[in-house]
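What follows is one chain in structure tokens, specifically the form predicted on its own.
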């Protein structure tokens, strides 16, 4: 950063030109934030500040419920149906989990970028000073919107953050309710409701010439397997980053499902049902599914995230760097737990060398990596990073799918190096 840039801007916490990171929100017609990207390249630590945490509301942003008026129920195939208030929940022994929250569609634009036959421009991870639109605005009206307008107006990068979540283990409440034999799924329903906007599917698929299921007005809901619901790190959280949940992040109570995409992290919990089947839910059967095409009869719900190693510096849109010593840095995470290895290539994948990955006891939170790069000759270099997680999965792990979800491909940074 030049000296001129360093001296511009406000002084915050003793640092020049270091303003607090915040999301750039898109709002609905009532002025409520429904979509906001996180400034992932502007963050230094592992926990994303709450004001910089990405936001997505699949349906209409609901009105807040006062914590004193909040309650939810657990029923279905249980011995002891029960209703809880927030005060009741907070009396149980708590659990704190640090984890990455990542939208299933995060970086979906990169599927086309890394496809050599498509010759598309590289998506940007940088947030504009002011976000425009948001899919609710793009989908207004009776006519099918233009796909090029959709793709240009709704960026899919920056939909990932790292946070600390405090609540009660979901297992505690389910065991207290008494799960009956034959139960296979736990369905969670939020009080947010609305008619799913087809624009989200047009955006993910990249075209509009297919039929989108119209379920009418629904509440948001997901049905997870019993096994995942009983995992020790699956929690119902009332606190985020050391404070009570904010409304846009699901207050008073939301589900936290480490390792699984954000659409499983049901917000604004209203009721929970234990079932002997997996119900036909829009956001499980028709959206957030894998398949070869919209007509694929074997579509399946997508769950676990892949493996990612994101280079945060240097970036090719930062401009040329000088010959000399540089640090290739970034963050890495996986849906199966900790990333234990990151390799760096500075020659387009011809050779790879190990980076240093910071040690951490938080297996669901991203980790920082560092690689010392000494550049002697000017020229253009293609630098790449790939991660390996504790389960042995090596990036990339995800196959192309028609909704272009769960991208974990290796994205090169084309760095121009000039004489010092």
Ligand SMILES: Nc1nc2c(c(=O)[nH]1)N[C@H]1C(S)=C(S)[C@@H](COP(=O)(O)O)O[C@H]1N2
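The structure displayed is predicted, hence computed values, not measured ones. Residue numbers count along the first chain shown, from 1.
There is another form of this protein, the form predicted in complex with the named molecule, and it is not shown here; the text below is about that form.
Note that among 177-185, 196-204, 243-251, 296-304, the stretch whose heavy atoms approach the named molecule to within 4.5 Å in the predicted bound form is 243-251. Contact here is defined as any heavy atom lying within 4.5 Å of the named molecule in the predicted bound form, and by that definition each of 53, 57 and 268 is a contact residue. Taking non-hydrogen atoms only, residue 342 never approaches the named molecule to within 4.5 angstroms in the predicted bound form. By the criterion of a heavy atom within 4.5 Å, residue 112 is excluded from the residues contacting the named molecule in the predicted bound form.
Taking the partner from the other structure, the named molecule in the predicted bound form has no heavy atom within 4.5 Å of any heavy atom of residue 346.
Proximity of residue 170 to the named molecule in the predicted bound form: non-hydrogen atoms within 4.5 Å are absent; the residue sits far from the partner. Of the residues given (233, 192, 273, 336), 192 alone sits with a heavy atom within 4.5 Å of the named molecule in the predicted bound form. When the named molecule is considered in the predicted bound form, only one residue from 285, 312, 157, 263 comes within 4.5 Å through any heavy atom, namely 263.
Shown here without the named molecule, the chain has only 220 in 201-233 lying with a heavy atom within 4.5 Å of that partner in the predicted bound form.
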